[in-house]
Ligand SMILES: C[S@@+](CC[C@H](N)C(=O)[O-])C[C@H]1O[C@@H](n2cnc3c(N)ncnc32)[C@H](O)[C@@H]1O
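For reference, the chain that follows is the form predicted on its own, supplied as structure tokens.
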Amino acid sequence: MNPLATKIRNEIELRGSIPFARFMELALYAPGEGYYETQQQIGRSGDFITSVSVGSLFGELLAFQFAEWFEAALHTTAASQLSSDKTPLFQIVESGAHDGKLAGDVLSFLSANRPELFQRLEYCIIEPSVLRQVWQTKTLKRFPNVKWINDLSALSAAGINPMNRIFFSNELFDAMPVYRFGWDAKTKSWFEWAVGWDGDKFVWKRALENQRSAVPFPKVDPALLEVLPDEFTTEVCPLAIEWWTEAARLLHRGKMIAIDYGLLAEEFFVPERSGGTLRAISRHHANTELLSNPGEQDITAHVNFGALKTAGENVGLQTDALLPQSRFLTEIVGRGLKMSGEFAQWDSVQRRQFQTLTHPEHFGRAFRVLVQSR
């Protein structure tokens, strides 16, 4: 048993059981021991690949889109509002930056292709992990306009109040801790799956009523509840909703964009997902052994894009798009070719990257993009 598993076991023995969200939090983020704190897991030699690890094209396409949004905002701004000094007019806020490679790809494109915008831009990374900040600092040391904060609450004190801001993340919400609920067909009620310890391993157990987390049960059409099979399992991620809502309240003018694999609310309740969407990933293989080897494998759950969309709209955001990654990136390329001829001189490497990012058997269909604005 590794040290992290021992720590989790000790907490369970003290409390009787713990919510799965707590298990997932420790397994992924325990300082110095969690999966994202110790593993170099991205890429073909690691546990999984991402759009970022495919190559620099993903960041370049995002940078082109960000520049379009900023330039459009600039055109609608009165000249009297533009500062004559060099204080930043624009801010990109990334959360979930891992080693900083995506930030580097975005900034490299803007520096080379939109130098005037780049000179008025601040790039802010939200990163609570000291270790990951070290990784990111090494990757981004050539860019003087990058700053770090620990959480959203510190953003208002980050040093500027930009005229226009973009919040964005790539594969942030799928790794946020989730609560796991099951359906009791006999009593027609939800129960919470907790994590216990039995003999020499972690096990699933139903949380006692006085141990249940203070998290609302899933909201499901009553007609659908009548036919859900016994122990149908799904997940709820209140942290994602809280994060999106808090960021939206900090957005006075600009965009919010989330890129991740996920579903609409109703898509979680279909027969093929009777065990939920949670998966552990190791060496490019997904499995359902979620409680095995904490800290040594990734744990992810599909993002509820319907819930994020509603959360943003509830605090006044407008939904601009919720579409597959394939369409989002293809439309960017189409506008680039039409407006300025950008992306016309791709080599074979870039063409292969684009195919991987947009093909339905790779990232094109499973990944979705939510864009909201104020």
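Every value quoted in this text rests on a predicted model; they were computed, and no experiment measured them. So that there is no doubt, residue numbering starts at 1 and follows the sequence shown.
Only in words, not in the display: the form predicted in complex with the ligand, which the text now covers.
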Task: Site test, I42, L172 and M176 vs the ligand in the model of the complex, non-hydrogen atom cutoff 4.5 Å - done: yes
Task: Candidate stretches 201 to 209, 215 to 223, 164 to 172, 180 to 188 - the one whose heavy atoms come within 4.5 Å of the ligand in the model of the complex - done: 164 to 172
TODO: Find out whether any non-hydrogen atom of I126 is located within 4.5 angstroms of the ligand in the model of the complex, and reply yes or no.
DONE: yes
- [ ] Please check if S95 has a heavy atom lying within 4.5 Å of any heavy atom of the ligand in the model of the complex.
- [x] yes
Task: in the model of the complex, R132 touching the ligand (heavy atom, 4.5 Å) - done: yes
Open item on the list: Considering non-hydrogen atoms and a 4.5 Å limit, does the ligand approach T50 in the model of the complex?
Closed with: yes
